[in-house]
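Heads up, the chain below is alone and in the form predicted alone; it's given as structure tokens.
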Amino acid sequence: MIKSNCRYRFTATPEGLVVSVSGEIDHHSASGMRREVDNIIWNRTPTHLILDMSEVEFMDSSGLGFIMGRYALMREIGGSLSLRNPSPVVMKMLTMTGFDKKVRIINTVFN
């Protein structure tokens, strides 16, 4: 059995639905997270989804696919997606792929 080091929680706020992600996002954790987040999106149809990525320690291409898929889903239902405080590993992946130019990034923590 593969143990996942990825955790996430949902919070409804006036800004929108916030999914706070922490730990490691890889192929195994991304598939379960994708199912649960998509289920919440389809059930609640939020106008705005915020992925708080501040506590992500590792992310491979599956994590990028997770972000891009939720971006596409939110557009499909007429909503939008923002990334809040992406950690350095997340930001590196976004920058390498150019996706940082496509998705709104909210930085509330400044060093």
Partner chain sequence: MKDKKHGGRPRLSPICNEMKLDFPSHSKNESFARAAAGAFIASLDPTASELSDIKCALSEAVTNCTVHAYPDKIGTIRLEIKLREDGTVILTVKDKGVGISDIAKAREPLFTTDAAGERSGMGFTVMEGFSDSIKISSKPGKGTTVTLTRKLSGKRTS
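Numbering follows the first chain given and starts at 1. It should be emphasised that the depicted structure is a prediction, and the values quoted were computed from it without experimental measurement.
Just so it is clear, the following notes concern the form predicted together with the partner chain, a form of the same protein that is not shown.
Colleague: Examine Asn5 and determine whether its closest non-hydrogen atom to the partner chain in the predicted bound form is within 4.5 angstroms.
Modeller: Asn5: contacts the partner chain in the predicted bound form.
Colleague: Considering only heavy atoms, tell me if Gly32 and the partner chain come within 4.5 Å of each other in the predicted bound form.
Modeller: No, Gly32 stays farther than 4.5 Å from the partner chain in the predicted bound form.
Colleague: Hey, in the predicted bound form, does Leu64 get a heavy atom within 4.5 angstroms of the partner chain?
Modeller: Yes, Leu64 sits close enough to the partner chain in the predicted bound form that at least one of its heavy atoms falls within 4.5 Å.
Colleague: Glu24: heavy atom within 4.5 Å of the partner chain in the predicted bound form?
Modeller: Answer yes; at least one heavy atom of Glu24 falls within 4.5 Å of the partner chain in the predicted bound form.
Colleague: Looking at the partner chain in the predicted bound form, is some heavy atom of each of Gly69, Met93 and Thr97 within 4.5 Å of it?
Modeller: Yes, because Gly69, Met93 and Thr97 each have a heavy atom that approaches the partner chain to within 4.5 Å in the predicted bound form.
Colleague: So which of Arg44, His48, Arg75, His28 reaches within 4.5 angstroms of the partner chain in the predicted bound form, heavy atom to heavy atom?
Modeller: That would be His28.
Colleague: Taking the partner chain in the predicted bound form, which residues along 44-63 bring a heavy atom to within 4.5 Å of it?
Modeller: Those in contact are Phe58, Met59, Asp60, Ser61, Ser62.
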